[in-house]
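The chain below stands alone, shown as structure tokens; this is the form predicted on its own.
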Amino acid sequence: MKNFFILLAMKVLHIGLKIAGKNGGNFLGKIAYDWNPNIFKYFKINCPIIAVTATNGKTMTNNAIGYIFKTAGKKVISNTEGNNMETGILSTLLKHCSLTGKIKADYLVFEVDEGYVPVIFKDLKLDTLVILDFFRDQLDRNGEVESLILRINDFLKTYTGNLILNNDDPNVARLGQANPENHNIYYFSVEKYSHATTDMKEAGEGKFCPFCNTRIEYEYYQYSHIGKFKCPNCNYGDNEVYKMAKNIDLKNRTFTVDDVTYKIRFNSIYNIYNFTAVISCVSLYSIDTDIIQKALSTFILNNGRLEEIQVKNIPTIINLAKNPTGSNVSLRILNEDDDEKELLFVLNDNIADGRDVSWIWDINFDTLNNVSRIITSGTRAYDIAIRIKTAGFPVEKIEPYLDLHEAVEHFYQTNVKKYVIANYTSLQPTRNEILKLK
């Protein structure tokens, strides 16, 4: 009876928010969870639940999976706008359930914050879990990567559903051995691409085998610690791959899986990994290849995740980067473009970003290709400006502005191609300021 009245109250509140033109974010879930932390047990779900977790790439992968299912004519409920902690996912369920907790859908697809996988799915039956990568991120909230991996590993010890793992991330591939009784393990991988290196160019984790402590050996690095690796002592990393992306052509934005060519609207090796995970996931649910091809060819995220727009006829690429790896991936995309360009880097240190911004010293600003000017903004505009200066970029070409509106106005005073990197709480305000000019 208590849960019934909680749902009734949340339905009324949801209607009020809609009338006020508000989405509510995780507001409904926060109230309901405070009233009853066990409310997840009340929902009646008779369809597969798919979850995507990672440090980077959750939103892209989650939304692409849901988009493919919708293209196939399926009813999908998903937290497409993020809100990936327990209160955010609870909000999504509250908006789509009946007063008795029943949810009608073909699939529930959720992106889930790495630290909340064990919390949410102790009461909800998870059918498929996709794990993309693990990097250092928000150390003041998450702690070191190893502690996060161990929490998920403990959850997986009793998990017997589908587990889709990035075989090229030693932090992820190790999780395939968490439960020897689970025979539903699926590894995905990406063939070496043209900008792969034999040396690690960015900060990385997982340099030692988690099973015998021997230093891992790499044949190549795609980015950070993602690449083809193996333990020379116990052969850790030598797994049977379920889906392998090959023939990577970032210029034409194509790749192949199982001899099928996929055309996408993104030009980053980082997203090749995301979409290979997507294909691995939807293939388990017998989605036709032609539907996957069609969906991926039109899929786009217009929310600042590698978003390409024209502003005053100037090509502009906006991307989220909330940790060293995300920033370095964004800079790789910039450096693989030989055109002259300018960079706007916006850095905040709000609670949701993490107060500790020392991670900016692991960003590779020392190899910028044909960048003629850099503007910095956000609450830590001067911190990132100093970091760029110490990397050797000419100080006269660095312009810090604490005021975001002023920064964007100065950014578009020239007609040079634009790249924008913004961290978590600065992304949407930056995007909105740019769209005002558009």
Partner chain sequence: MKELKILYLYPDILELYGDFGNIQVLRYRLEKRGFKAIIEPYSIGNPPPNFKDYDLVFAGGGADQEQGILAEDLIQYKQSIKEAVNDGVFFLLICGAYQLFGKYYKGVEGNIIPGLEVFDYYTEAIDDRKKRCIGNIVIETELNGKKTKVIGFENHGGQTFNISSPFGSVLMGNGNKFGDNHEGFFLPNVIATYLHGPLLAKNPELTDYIIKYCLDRKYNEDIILEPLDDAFENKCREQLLLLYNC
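Residue numbers count along the first chain shown, from 1. In this text the structure is predicted, and so the values were computed from the model without any measurement.
This next part talks about the form predicted in complex with the partner chain, which is not shown.
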property: Contact residue in the predicted complex, chosen from K102, R265, K75, R215 - any heavy atom within 4.5 Å of the partner chain; result: R215
property: In the predicted complex, the residue from G88, G227, G326, G204 that sits within 4.5 Å of the partner chain by heavy atoms; result: G204
property: Non-hydrogen atom contact I31 with the partner chain in the predicted complex at 4.5 angstroms; result: no
property: Partner proximity in the predicted complex: R305 to the partner chain, non-hydrogen atom cutoff 4.5 Å; result: no
property: 4.5 angstroms heavy atom contact with the partner chain in the predicted complex for V408; result: no
property: Contact test in the predicted complex: R136 vs the partner chain, heavy atoms, 4.5 Å; result: yes
property: Contact segment among 31-39, 393-401, 44-52, 60-68, judged by heavy atoms lying within 4.5 Å of the partner chain in the predicted complex; result: 393-401
property: Residues E81, D290 and F299 all lining the partner chain in the predicted complex, heavy atom within 4.5 Å; result: no
property: Residues within 4.5 Å of the partner chain in the predicted complex, restricted to 374-407 and counted by heavy atom; result: T379, R380, Y382, D383, A385, I386, R387, K389, T390, V395, I398, P400, L402
